[in-house]
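First comes one chain, alone, set out as C-alpha cells in the form predicted alone.
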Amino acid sequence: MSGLLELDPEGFIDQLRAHGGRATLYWDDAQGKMVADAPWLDELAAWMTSDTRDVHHHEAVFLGIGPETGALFGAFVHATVRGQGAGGLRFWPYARLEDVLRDGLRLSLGMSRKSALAGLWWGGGKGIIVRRPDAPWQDPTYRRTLYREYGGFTTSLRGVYITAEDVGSGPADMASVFETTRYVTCVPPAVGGSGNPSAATAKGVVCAMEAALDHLGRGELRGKTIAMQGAGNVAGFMIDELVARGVGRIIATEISADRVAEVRARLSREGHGSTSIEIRQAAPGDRQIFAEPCDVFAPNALGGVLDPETIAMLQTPIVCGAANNQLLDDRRDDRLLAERGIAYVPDFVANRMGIVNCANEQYGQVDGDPAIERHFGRTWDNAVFVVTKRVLERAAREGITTSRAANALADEACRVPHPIWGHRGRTIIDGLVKKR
C-alpha cells in the first residue's frame, strides 16, 4: 500500500504544502497511463493506473490547499467528451487520502454516466473539500472564506470542472463560491440560479421507484411500504412525493437528532394524509433499517452502504434511492443483489435530477420548464421512468446485473461528443499541464 494513500488528510496537506501547494494527475494517451506533474506523486499516478474498482480512465485530478483555511481541495474530472466535467462539491471529513481520492473518482464517474443517461451535454466531475477536524465548519464567516477559496481554486482550472451543491454544501455556500468563480451552478435564485435541487432530485427518484415497480408487475406506489436510510434534505422532499402518491407507510432512519426533530415537527404541522410515517433516530453505524420488510428500500445517505452484510439483511424486492455510489464494490455487490432476486436501480439512473435542475442555468429560466418537466414523464426517450425500465429490461434480456446494463448504456452515451465543444475539456487539461 502506498505511503501517500495511507496518510491522513492533514499529513498529505503538509506534504502538498512542502511541494508548492498544488498537484495534478492526468491521463496521458501516449503513455497509456496516469501521470503526475511532479515525481513525488508518481506512486499516486501508478495506483490510479492500476486500480480497476474506482478508476476508469479519468482525465485528471487536481489537488490544492485553501490559502487561509489550509483545507484540502480536490477537483476530479472523469470524461469531457460530451462537455465539461460537472458535479457537486462535497464537504466532508475523511480518515485517509485514499478515501478522499476514491470518493472523488467514483463520484465523478457517476456524474459522467448520470449526465449521459439524462441526455445532458455535460461530462463528469466532482469537487471535494476535506473538513478539517478542528475547523469551525459551522461558523458562517469561516464557511464563506472556505467556499470563496474553493471558488478561486475552481477558477484556476479554466472551466474544465463546473461545481455545484452536494453533501455538506448548501445554497449559501454556492453563493460564496459564486463570488470567486463563474464556473458554478445551483447558485441561489437571487443571483440568477436555480437554487436547491433537492426537490427535483427527490421527484426523479420516486419516478424511478415507479418504473421498478412497473417492471416487476407490482403496480403503483399507492399502499406500498418504503424504508429509507437517511432523512436529510432530499429524503424530506421524497417523503412529500411519496405521500402525494398515497403510499401506505414510510419508515426512515436518521443519525442527526436535529434533523429528526425538524422532520417530525414539519410532518406534524403540515400533515401526511393517510400515510403512516415513522422517523427513527439511529446511532452512527446502526444498520437495522436494512432488515425492515418493505416494497422499496431507499438508501438516501452516504455511499458504500450496500455490502455483503447489508445485502444479506434486505427484505425488499427493490432498492432505489437518492444516495450516490450505493454499492461498496460494484464488481461484486450488484451480483449479490441479483442473486437474491432484488431489482437494484443504480443511483445515477435514479438521482439525476439534481444535475438536470441546475446544469443549464446559463440558458435562462422558464416557469414549469418543459426541458426539466419532461424528465418526470413517461413518453420522452430520456425520461427517468423510461430509462429506468430500459436498464431493468436490458439486464433481464441479457442476463446481466442492472449495474452492468446501466453502465453499458451510459458508457455508450458518454462516447458521443458534444456537437460543438466535444472534448474541449481535454484541451483545457493539456493547457493546464503545460502551464505547470
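Don't overthink the numbering: it's just position in the shown sequence, from 1. Every value quoted in this text rests on a predicted model; they were computed, and no experiment measured them.
Separately, the form predicted in complex with nicotinamide-adenine-dinucleotide (NAD) exists; it is not shown, and the next lines address it.
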Problem set entry | Check all three, Q229, R259 and N324, heavy atom within 4.5 Å of nicotinamide-adenine-dinucleotide (NAD) in the predicted complex | yes
For this session: Although nicotinamide-adenine-dinucleotide (NAD) is absent from this view, report whether N233 comes within 4.5 Å of it in the predicted complex, heavy atoms only.
Result: yes
Exercise. So in the predicted complex, does E254 come within 4.5 Å of nicotinamide-adenine-dinucleotide (NAD), heavy atom to heavy atom?
Worked result: yes
Exercise. Heavy atom to heavy atom, is G204 within 4.5 Å of nicotinamide-adenine-dinucleotide (NAD) in the predicted complex?
Worked result: no
Exercise. If you check in the predicted complex, is P284 within 4.5 Å of nicotinamide-adenine-dinucleotide (NAD), heavy atoms only?
Worked result: yes
Exercise. Between the options V356, A301, L97, L157, which residue brings a heavy atom to within 4.5 Å of nicotinamide-adenine-dinucleotide (NAD) in the predicted complex?
Worked result: A301
Exercise. Pick from Q84, S176, T185, S198: which residue has any heavy atom within 4.5 angstroms of nicotinamide-adenine-dinucleotide (NAD) in the predicted complex?
Worked result: S198
Exercise. Which among 74 to 82, 293 to 301, 358 to 366, 308 to 316 is in contact with nicotinamide-adenine-dinucleotide (NAD) in the predicted complex, heavy atoms within 4.5 angstroms?
Worked result: 293 to 301
Exercise. Can you name the residues of 333 to 353 that have a non-hydrogen atom within 4.5 angstroms of nicotinamide-adenine-dinucleotide (NAD) in the predicted complex?
Worked result: N351
